[in-house]
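The chain below stands alone and is given as structure tokens, in the form predicted alone.
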């Protein structure tokens, strides 16, 4: 006797968002990227569609970060000395997208300036054809100053700009609106806060098709369970028809995983933690693959080997990119 597999029936879908612009669209990217569009929970293909694969971005900095793990600095080598070279290396490593973080200072230790931010973004745009996200160093006033200049410099490129947080979203959203970019909204791990910030950004006139939501998460062993539950609840609400939770989600497992002791430190740790590099790569890869299963549409990574591993997991779950 045939047994019917019970299936959830969802009434709605995740909103599709397209990043980047080709020459025909007023930009210089070699192609665009569309995320979102899911009509079921992650990888439950028998219940709905997953029209767009999760996107894997690599974290690139406007100048070499001295606080990154020696393992990362050894892996990227001299490429880290120049953001354009680093972006090229990231593309060669298989990244779908470049996630450029503007540093608080320049290479000579002076405060970063709008002029420098413009120059860095222009160099990166010329070095790679991948779609680009650009975010500030994380201080509201500095973020606003730098991102406004970036928005002007890259008009038409449909960058993903951020970070739009409750304390500073207005200036960045206004710049993105004026120059046809997208924005990344970022809130602490909370369903209501995530939804509220999307509402506030949309109220400024930003179309929902130009907002990517960052609900924040923790690394493996550092709050990832709570972050997973928040993302899962956002995705359930989206599929049930809550329009303000239907944004594609971006998360940063690279930043979260590489700042915890288990990944960052190789000395002075218990012997049973095992070999340092293997442990560090496992930490980032397990964090990332967990978040793929919670509904992440864009994952920002730091190590090219992690990107390869996560890509293999996605290929197993969805099928190779060429067959998608």
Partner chain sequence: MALSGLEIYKLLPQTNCKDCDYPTCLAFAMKLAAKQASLSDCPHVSEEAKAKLEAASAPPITLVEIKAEGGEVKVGNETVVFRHEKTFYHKPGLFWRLRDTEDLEELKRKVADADAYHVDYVGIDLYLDGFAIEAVSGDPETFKNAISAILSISKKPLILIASTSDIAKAGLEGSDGSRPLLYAADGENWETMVEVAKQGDVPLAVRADTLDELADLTQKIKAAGVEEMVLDPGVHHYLDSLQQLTTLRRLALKKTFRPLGYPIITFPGANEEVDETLLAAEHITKYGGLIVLEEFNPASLYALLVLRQNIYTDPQKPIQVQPGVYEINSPDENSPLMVTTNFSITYFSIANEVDGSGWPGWLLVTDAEGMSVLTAWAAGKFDAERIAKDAKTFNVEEKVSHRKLIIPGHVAVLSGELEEEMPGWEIMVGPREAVDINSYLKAMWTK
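Numbering follows the first chain given and starts at 1. All figures in this text were calculated on a predicted structure; none of them were measured in a lab.
FYI, the form predicted in complex with its partner chain isn't displayed, but the following is about it.
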Item to check | Every residue of 22, 183 and 203 near its partner chain in the predicted bound form, heavy atom within 4.5 Å | outcome: no
Next on the checklist: Given a 4.5 Å cut-off on heavy atoms, tell me which of 51-59, 64-72, 279-287, 31-39 is the interface stretch with its partner chain in the predicted bound form.
Outcome noted: 279-287
Checklist entry - Is residue 47 close enough to touch its partner chain in the predicted bound form, meaning at least one heavy atom pair within 4.5 Å? => result yes
Next on the checklist: Is residue 233 near its partner chain? Define near as a heavy atom within 4.5 Å, in the predicted bound form.
Outcome noted: yes
Checklist entry - According to a 4.5 angstroms non-hydrogen atom cut-off, is residue 145 in contact with its partner chain in the predicted bound form? => result no
Checklist entry - Just to confirm, residue 224 within 4.5 Å of its partner chain in the predicted bound form by heavy atoms? => result yes
Checklist outcome for this item: When its partner chain is considered in the predicted bound form, the residues of 1-16 having a heavy atom within 4.5 Å of it are 1, 2, 3, 4, 5, 6, 7, 8
